[in-house]
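Just the one chain here, the form predicted alone, laid out as structure tokens.
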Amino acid sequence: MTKSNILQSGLTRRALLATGAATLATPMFSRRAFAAPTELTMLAWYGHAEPDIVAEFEAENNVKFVPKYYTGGDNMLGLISQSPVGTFDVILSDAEYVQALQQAGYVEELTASDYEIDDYYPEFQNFPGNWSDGKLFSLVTRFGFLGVAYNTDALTEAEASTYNVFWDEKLKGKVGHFDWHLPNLGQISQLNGNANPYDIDAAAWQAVKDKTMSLRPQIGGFFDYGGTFSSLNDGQMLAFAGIGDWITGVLEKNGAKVRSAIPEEGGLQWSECFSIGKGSAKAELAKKWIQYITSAKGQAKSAQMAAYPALIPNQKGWDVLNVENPAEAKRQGMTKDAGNVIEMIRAGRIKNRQWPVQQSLEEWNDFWSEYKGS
């Protein structure tokens, strides 16, 4: 063997030995680099498991989300009830449905100390529905307001400052409904002056039904998520009941002449909460996800979700958003300026969307079906 071969052989052995030592020294890195990602199933509204929200978490934790998207709370409950226990690791639900999930045994109890709840605005630290008998079952992660959505070529902001605009003659056949009874009937109840739009007696409920029926000649259609987007975008509908910036914000950013206003009668608040699915075999990873999305960094991402924007309850998340995207923070009212969205809540202008108190959910749903068919 020549000197050159000996040197070459020695270097090769040393290189191999060094590589082997490095591999042995970092076994977890080596295994994680080649291991297939762990799948986490998520039941949620569209957008929550898309790359703009989950890509960073997936990369950091070698996880791949497998989403099952739904289009309304009733649909969500149906999907869970028809699925074996443990099917969904993470469940996103509207706040008014969390108690139903908890009572049906569909979600796990959470440990409050696992999460930075103190970073939340006080209004969201003991948020209705998240807690039951002092036990935590979900965490609110984002919210938004529902009011009057309108085409800015057809209506001024002043005209859109009352729900009465839906009866304007120039909007006949051009008013759309997001096809869900809770937000639409809640708005009519607010128009009727009910302090709690969902806690009304029989007489007030009849008045809500009568007022709603009087709107029927104005209605051009009842729309799902996609239909609401397209009918506002192309001007088929010039005003919309039952929605807010969660839809018009996306359209407005893409150049559509639409906007949402909180009318003088007040607005409604929708709120989305994350829970861990009952019987999840990956509860620790599910917990880690909720910790991530409720952190300041995760909250700033959530506020800017491509599918639909939202307000966030984490005060530190507001700080991150104002650094990353001050224009969006200002557009949504998440700044320290007077009149921001937290001040609107504190002023009593916003009421939580919820299930009816003095009537059954079925009674509201039955009336909505009657109204649509009239």
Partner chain sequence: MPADPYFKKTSTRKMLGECPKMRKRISLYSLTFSLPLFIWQVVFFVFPLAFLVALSFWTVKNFRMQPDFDTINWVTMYGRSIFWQSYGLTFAMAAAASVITSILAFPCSFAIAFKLGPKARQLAIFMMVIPFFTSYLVRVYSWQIFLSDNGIINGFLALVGLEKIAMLNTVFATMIGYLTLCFPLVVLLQLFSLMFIDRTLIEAAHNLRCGRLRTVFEVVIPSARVGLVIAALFCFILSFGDFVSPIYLGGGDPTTLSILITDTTKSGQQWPRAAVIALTMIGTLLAVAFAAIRFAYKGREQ
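Bear in mind the structure is a predicted one, so any value in this text is a computation, not a measurement. Positions refer to the first chain, counted from 1.
We do not show the form predicted together with its partner chain, though everything after this point is about it.
- Put simply, of Lys170, Lys253, Lys135, Arg216 only one has a heavy atom within 4.5 Å of its partner chain in the model of the complex, and it is Arg216.
- This chain lacks the partner; the member of Thr156, Gln206, Ser113, Gln82 within 4.5 angstroms of its partner chain in the model of the complex by a non-hydrogen atom is Gln82.
- Under a 4.5 angstroms non-hydrogen atom cutoff, its partner chain in the model of the complex lacks Ile117 among its neighbouring residues.
- Among residues of the shown chain, Pro122 is not one whose heavy atoms approach its partner chain to within 4.5 Å in the model of the complex.
- Its partner chain in the model of the complex is approached by Phe222, whose closest heavy atom lies within 4.5 angstroms of it.
- Looking at Ser230, you'd find a heavy atom of it within 4.5 angstroms of its partner chain in the model of the complex.
- Remark: of stretches 138-146, 282-290, 230-238, 269-277, the one touching its partner chain in the model of the complex is 230-238 (heavy atom within 4.5 Å).
- Of the residues in 161-199, those that come within 4.5 Å of its partner chain in the model of the complex through at least one heavy atom are, in sequence order, Lys174, Asp179, His181.
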